[in-house]
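One chain follows as C-alpha cells, the form predicted on its own.
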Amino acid sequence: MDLGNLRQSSQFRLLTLLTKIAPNDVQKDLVIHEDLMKPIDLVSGARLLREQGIEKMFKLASVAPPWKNYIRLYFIPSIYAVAENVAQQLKRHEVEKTVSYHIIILPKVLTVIHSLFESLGVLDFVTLHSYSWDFIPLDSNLLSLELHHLFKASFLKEENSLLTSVAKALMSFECLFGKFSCVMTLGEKSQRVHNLLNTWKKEIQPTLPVETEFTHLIMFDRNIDFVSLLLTQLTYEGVLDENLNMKSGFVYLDSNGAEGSQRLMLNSASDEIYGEIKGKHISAVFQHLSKKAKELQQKRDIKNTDSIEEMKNFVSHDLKRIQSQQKSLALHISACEIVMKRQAGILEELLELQQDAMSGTKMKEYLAFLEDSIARQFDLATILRLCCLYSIMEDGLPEKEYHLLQKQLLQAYGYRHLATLHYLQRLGLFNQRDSKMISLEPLLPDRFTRAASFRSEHMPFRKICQRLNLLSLDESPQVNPCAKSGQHPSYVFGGVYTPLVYHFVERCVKEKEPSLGDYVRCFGNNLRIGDCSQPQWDARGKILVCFIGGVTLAEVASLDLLSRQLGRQIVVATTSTFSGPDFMESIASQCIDT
C-alpha cells in the first residue's frame, strides 16, 4: 500500500486549480491561513508552489500584506470569521482594475460565505474557489483531513455541510485502493457520510480497482466516546500531543512554535526511534531511550576495528545513519524533559482522580478537589475535563453540586464562560442529573439554539462501559497489570479504561460474523451495517477506521495494538487529531465560528 498516492492526488488537484487561475509563468502572491500552512506543506511543499508561479507567501493577518504581484490569492478554511476578515481587507483596499483576487476555500465555498462576500460588495473583483485535499498521511497508520473546525460545525452547531469533504475523501480512497466489502458505522454523522458516499458512487459510477486492499470500513463518531478525549493519554505520542499540541504531525519544543523553534516530526517512517517508542507507556520511554543511547554509542565507537577497510566502510555506510539517530534521540529526550517539568507534581494526582471517577469511588473527595481547584484557579481546561468526566460517568451531577460548580466556575474564570458551559451541556458533557435542569439556551443568541444536544438516549455511559467490559476490574492502577504492560488496550489510559473504538473494531472483524447485539442495545439506531456480503465478513484484507470529529493518539495506539493482535493492518483516517486540552480550549474560546 502506497499512501503517497493520496498526496499525489491532492497535489494534482491543487496544481490544476492554480494553473486554472493563472499560468505557471505568471507571478502570484499567496496569503495562507495559519492552520493551513503545515498541511499545505505536506501536500505540495514550498518548492512546488514556487514552480507554479507563487513568488511571495504571507501568513494571514488582520491587515493586507505588502502585495507585489497583480495575481493575489488567499487560501483559507471555511470559517465565517476568517472569511469576514478577508472580505473586510478587500473592501478597505483600493482595488486597481489590473489586479485579480482569488479566494481558495478549504474544503468548500459555503453558501453563508458566498453571501458574505456578496453583501460586502467585493464579488465584482473576487473569484471564490473550492478546494479539498484527500487524507494526508501523518504516519504509516494515520491519515488526516486536518479539518479542525469540523467538530464545532458538525457536533456543536449541527451544520453538516463539511461532511461532504469526508465522503469525497473516502471516495478518492476507494478509487485508489478498491471498494470496501464491509461498511459499519457507529454514529449519526458516520451514517450521513456513508449515505453520501453511496449516493455519489451511484451517480458518478467511478472506476474502481478490481482488487481491493481494504475490505472493511468502520466509521466512528467522536461523540460516541467522549471519555477517551477526557482521560489523560499515557502513551508517548499522546503525552506529546497533550503537552506540546501536535499540529500536522509536528510538535515544537520551544514555546509557541515561533520561527526558528526546534521541531520534532512525529513520523515513524522518517524517525526509527519514534517508531519504537510512540505507542509505549510514558513510564517506559526514558528507559528505552537510555538503552538506545548506549547502543548508538557502542556502534559509533570504532577504536577496536580490525582494519582500515572496516573503518572506511563504517564511515561511508553507517556513520550518517547513526548521527541522524543520535540527533533524533536528543530531540526525544528534550521532549520528555519538557513534559516531565510540566507534569511534575500534577500527573499522579490527576490519574488518581480519574481512577476514582471511572470506578465511581471517593466521589465526595473528588468534588471537594474540584471546588478547591476552582477557588485556586487551576488550569481551566483540566478542571473542565474533570467536571465532564464526573458528569458522564455519573449520568449527570446532583442538582446541588451542579449549581455550585457552575457558580464557582463562572465566578473564578469569568462569566464569558457561560457560553462554554452551554456548549458542554449541549454535547452532554456537563449536565444536571435531575431532568428538570435549567437550560442556558435562552441566555444565548438564537443562532446557537438550533442544534439538538447529544444525549445518551439508550443508557448511561457507565452501564455501556459495564456491558461492553471497558472498565478495569481492579481499583488500583498501581497493582493493575494492564496499567503499563502494553499488552491490553487499557494501558493507553493507565489501565482504567479500554477505548470504545478498540472494542467495536475487534467485535466487528474478529469473528466470521460480528456479534453486535450489545451495541444495538447500547446505541440503537446509531449503529448501522451496510455494503456487506456474507462471505466477506471474515475477509483478511486491511481495515480503515474513520473518525468523524477527531481522534486521540491514545485511540490510535490501541488500534495499533489490535492490528498486531489480529495480524492485519489497521489504518486510522480522521478529520483531525484531537487531545483533551485542545478540545477544551476550543470549547472555551470566546467565539465559536463555523
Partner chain sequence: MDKPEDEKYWSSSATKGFDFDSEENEHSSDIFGATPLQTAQLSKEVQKNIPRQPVVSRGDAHMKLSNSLSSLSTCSNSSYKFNTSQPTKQCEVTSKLLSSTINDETMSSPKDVVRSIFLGMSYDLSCFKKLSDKKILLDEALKLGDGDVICAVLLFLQKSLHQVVLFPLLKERYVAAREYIAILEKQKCFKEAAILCDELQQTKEAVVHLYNSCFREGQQNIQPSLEHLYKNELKHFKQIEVESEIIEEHILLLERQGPIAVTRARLPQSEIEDTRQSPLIGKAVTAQNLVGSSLLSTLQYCCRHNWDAPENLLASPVGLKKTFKLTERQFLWNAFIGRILMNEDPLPILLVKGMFGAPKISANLSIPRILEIASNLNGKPNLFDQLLLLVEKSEKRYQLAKKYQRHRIVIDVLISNKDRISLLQYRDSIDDQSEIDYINNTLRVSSTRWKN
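Remember, predicted model here, so these are calculated numbers, not experimental data. Residue numbers count along the first chain shown, from 1.
Just so you know, the form predicted together with its partner chain exists too; it's not on screen, but the next bit is about it.
Mapping the unseen interface onto this chain, residue 426 counts among the residues with a heavy atom inside 4.5 Å of its partner chain in the predicted bound form. Taking non-hydrogen atoms only, residue 414 approaches its partner chain to within 4.5 angstroms in the predicted bound form. Using a 4.5 angstroms limit between non-hydrogen atoms, residue 124 is distant from its partner chain in the predicted bound form. Put simply, residue 378 is close to its partner chain in the predicted bound form: some heavy atom of it is within 4.5 Å. A heavy atom within 4.5 Å of its partner chain in the predicted bound form is found for exactly one of 293, 82, 351, 410: 410. Residue 346 is the only one of 311, 330, 269, 346 with a heavy atom lying within 4.5 Å of its partner chain in the predicted bound form.
Across the proposed site, 222, 247 and 526 without exception lack any heavy atom within 4.5 Å of its partner chain in the predicted bound form.
Comparing 322 to 330, 238 to 246, 463 to 471, 399 to 407 against its partner chain in the predicted bound form, the single stretch with non-hydrogen atoms within 4.5 angstroms of it is 399 to 407. Contacts between stretch 153 to 172 and its partner chain, counted in the predicted bound form as any heavy atom lying within 4.5 Å, involve 157, 158, 159, 160, 161, 164, 168, 171, 172, listed in sequence order.
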